[in-house]
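The data below hold one chain only, encoded as structure tokens and taken in the form predicted alone.
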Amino acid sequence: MAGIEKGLFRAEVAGNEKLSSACRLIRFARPEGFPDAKPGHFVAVRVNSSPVPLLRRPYSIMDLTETELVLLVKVVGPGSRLLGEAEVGDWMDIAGPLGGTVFPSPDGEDAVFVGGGTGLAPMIFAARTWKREKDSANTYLIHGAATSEELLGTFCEEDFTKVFRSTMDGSEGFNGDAVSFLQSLLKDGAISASKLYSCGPAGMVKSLELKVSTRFDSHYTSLEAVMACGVGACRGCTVPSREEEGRKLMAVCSDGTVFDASQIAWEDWE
């Protein structure tokens, strides 16, 4: 990771806010010496001191301020359940900031962010970071989820110029997936931007790249993958990339998590 330090830190839980039946906002007091991070970086959390669960859990950074490190946590298994049940005053081990690449700034050009599910987290970090840096870009969020409950309410409404929502069951917003919604917005002229950023399930990002990326000058995506070590040593989270010499396997955790979406050999990634 060029230009940024990383390390192991002890972090105290400063808040646990319920956003839905499955999702929590976990706020840690920023550990002393925790480096500045950029949009696309993540942390790996050891949720307890016992051998089970064995591996740290990776989470995109949703926000990092002078005083707080904030994560968006969806409870999907034993590890995330322990983190989701954390109480104020609990302490956990955090490794970070991790990741070898970050989202490039829009540099004042209008941008569309597409977040699927908890892929919302790095989109929020990017929008907040660039707003703090006084970037003048208009930012449009398309947040797609299965149901209205998974849209998590309006807690990030003020982070973007405008927020659009879609649900697969039609319970709120556009009835359908986020990619189809973006296609509709572009066709109707409701959105005009040159930059596209995304994070979510591989199927959603692949569909974005194949169906709408030609409408934008660039498409950068933070890929989601099952990770073990989180630093590129185990090579358990590789994705095929197109290189001049042919296909190359890139580790999402250390070569990413952010990639130029056109560089991914989507047809070879199961």
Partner chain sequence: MSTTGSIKVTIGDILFDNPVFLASGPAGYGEEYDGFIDLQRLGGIVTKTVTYEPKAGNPGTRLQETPGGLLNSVGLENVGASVFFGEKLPRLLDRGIRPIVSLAAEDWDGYRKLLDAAADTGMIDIVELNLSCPNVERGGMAVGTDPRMISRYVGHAKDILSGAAIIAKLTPNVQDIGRLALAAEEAGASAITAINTIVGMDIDIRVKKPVFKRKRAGLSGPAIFPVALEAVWRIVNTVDIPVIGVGGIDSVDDALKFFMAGAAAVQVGTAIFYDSHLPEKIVTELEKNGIPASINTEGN
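Positions refer to the first chain, counted from 1. Values in this document were obtained by computation on a predicted structure and should not be read as measured data.
Not on display, but discussed next: the form predicted together with its partner chain.
Counting only non-hydrogen atoms and a 4.5 angstroms cut-off, does residue 31 reach its partner chain in the model of the complex?
Contact check for residue 31: no, nothing within 4.5 Å of its partner chain in the model of the complex.
Under a 4.5 Å heavy atom criterion, is residue 210 part of the interface with its partner chain in the model of the complex?
Residue-level check for residue 210: no, no contact with its partner chain.
Is there a heavy atom of residue 206 no more than 4.5 Å from a heavy atom of its partner chain in the model of the complex?
Residue-level check for residue 206: no, no contact with its partner chain.
So in the model of the complex, does residue 242 come within 4.5 Å of its partner chain, heavy atom to heavy atom?
Flag for residue 242 set to no.
Can you check 197-205, 33-41, 63-71, 224-232 and let me know which stretch has heavy atoms within 4.5 Å of its partner chain in the model of the complex?
In short, 224-232.
Taking its partner chain in the model of the complex, which residues of 50-66 have any heavy atom within 4.5 Å of it?
Those in contact are 51, 52, 53, 54, 55, 56, 57.
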